[in-house]
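Only one chain is shown below, in structure tokens, and it's the form predicted alone.
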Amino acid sequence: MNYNTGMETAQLTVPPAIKQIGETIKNAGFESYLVGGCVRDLMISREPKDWDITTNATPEEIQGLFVETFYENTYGTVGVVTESEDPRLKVVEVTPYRIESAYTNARHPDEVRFSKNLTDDLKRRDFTINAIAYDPSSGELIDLHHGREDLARRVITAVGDPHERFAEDALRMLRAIRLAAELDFAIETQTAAGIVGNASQLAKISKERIRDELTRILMSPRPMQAIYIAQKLGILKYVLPRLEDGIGIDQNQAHSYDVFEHLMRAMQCAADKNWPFEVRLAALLHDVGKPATRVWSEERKDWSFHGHEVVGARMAKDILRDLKFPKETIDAVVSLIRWHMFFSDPDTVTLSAVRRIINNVGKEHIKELLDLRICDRVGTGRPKEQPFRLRKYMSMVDEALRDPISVGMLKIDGTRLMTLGEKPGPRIGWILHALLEEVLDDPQKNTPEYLENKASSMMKMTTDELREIGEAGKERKSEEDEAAVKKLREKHHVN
């Protein structure tokens, strides 16, 4: 079929497995086009995360063309299983051209009918940059809604009437903001107006779908931009309503920004550092308890927020539960928020206090807690992200986490020495410390065979001889411990 307007040719790099599926469909007498985000990404030299093919074949006709497929939905999408080792190409979705009826639930069409005309399929799509079709075998590019122009202008524009598109599927509003953050695009004026006019429809969307879009926003390069736009266009209140409580809430003199902007900047710091999702989410919510705990101090002539980390942790738990985040994510983020005010005077903090913090958040999350502290500091507007006191604390965390040099490192213990014939008593400790000194000199000696043979010969020594070499071993252990700690402090520049 000739689609007249919007037809051009292009050469885009497409994986062989994708080409093969398209050619199989076309060789059977049907049309086949790549469509959606994969075409968009190819056109801006961005690697597609998934691949979608559309055709005028019915689901049954599609299934008849391939050895392994599955079809378990009401929207006509057939999963075609390929032999590719690339997980993104293992299953490729092939969907018939569709015509959709009204969307009474603001998310899914009440009825889907299959069409023989690509035009019908493209006009139902969300944004012009996602409504471009491409045939890899011929290079034919069909752009009926000027998506190429919007790619060149770097704007997100709804297909047709924005109000109709967002009334059909309210999640598209959040998707527009997410795409803007991922691609560094602006949202076209009428499309933005459509979001403002339909913002309340987001209340009808499942929390799981909102959570998934929020996750992708936070993992984008520009989450701060996205959250600001969501707030400006009136949809943040349907995603993270408690964040808006921080707007205009001035902080104490240590902060340059109100609570809302502080949280935005802390979150953006985590994104700029490419830190994990839990750190980004914790940075976004770490001071969510401040508006509820703010009290003016006449004595200090400043605001205080006592206990905001405790209140914020409770609030974060409710927020994340409402968004249906997994329990392990909730537990990690809540713990980071609860303990993000862990700091003490570096001249008085003790290793035991540091160990308690490590115990509170877990060894697997202590690095994330330190990263969150950096985000918190950057979010205040201070120029230095790692002052001395933070570097000192990092050094002490490393010191607390390192395996201490001890006889416990040996591949032999006191019980084994007794089975070899040594009687209980101080001689066992001296033998173990003497063996430790040998292992410190040559770690390859730390084998059961070598240590048992060496211990057997030591057991023949007199008590005075054993005491002498054992005490020498203890002294060597202390020297090695001091050297290890010195290296850690040099690493953090806190000597």
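Only a predicted model underlies this, so the values are computations on that prediction, with no experimental measurement involved. For every residue, the number given is its place in the sequence shown, counted from 1.
There is another form of this protein, the form predicted together with a small molecule, and it is not shown here; the text below is about that form.
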Looking at the partner-bound form in the predicted complex, is D52 within 4.5 Å of the small molecule by any heavy atom? yes
With the cut-off set at 4.5 Å between non-hydrogen atoms, does H433 touch the small molecule in the predicted complex? no
Taking heavy atoms and a 4.5 Å cut-off, does H286 contact the small molecule in the predicted complex? no
Please check if R280 has a heavy atom lying within 4.5 Å of any heavy atom of the small molecule in the predicted complex. no
Option touching the small molecule, based on a heavy atom within 4.5 Å in the predicted complex, out of R338, H365, R125, K290: R125
Looking at H262, R178, H145, H308 here, can you tell me which has any non-hydrogen atom within 4.5 angstroms of the small molecule in the predicted complex? R178
Can you check 146 to 154, 126 to 134, 231 to 239, 290 to 298 and let me know which stretch has heavy atoms within 4.5 Å of the small molecule in the predicted complex? 126 to 134
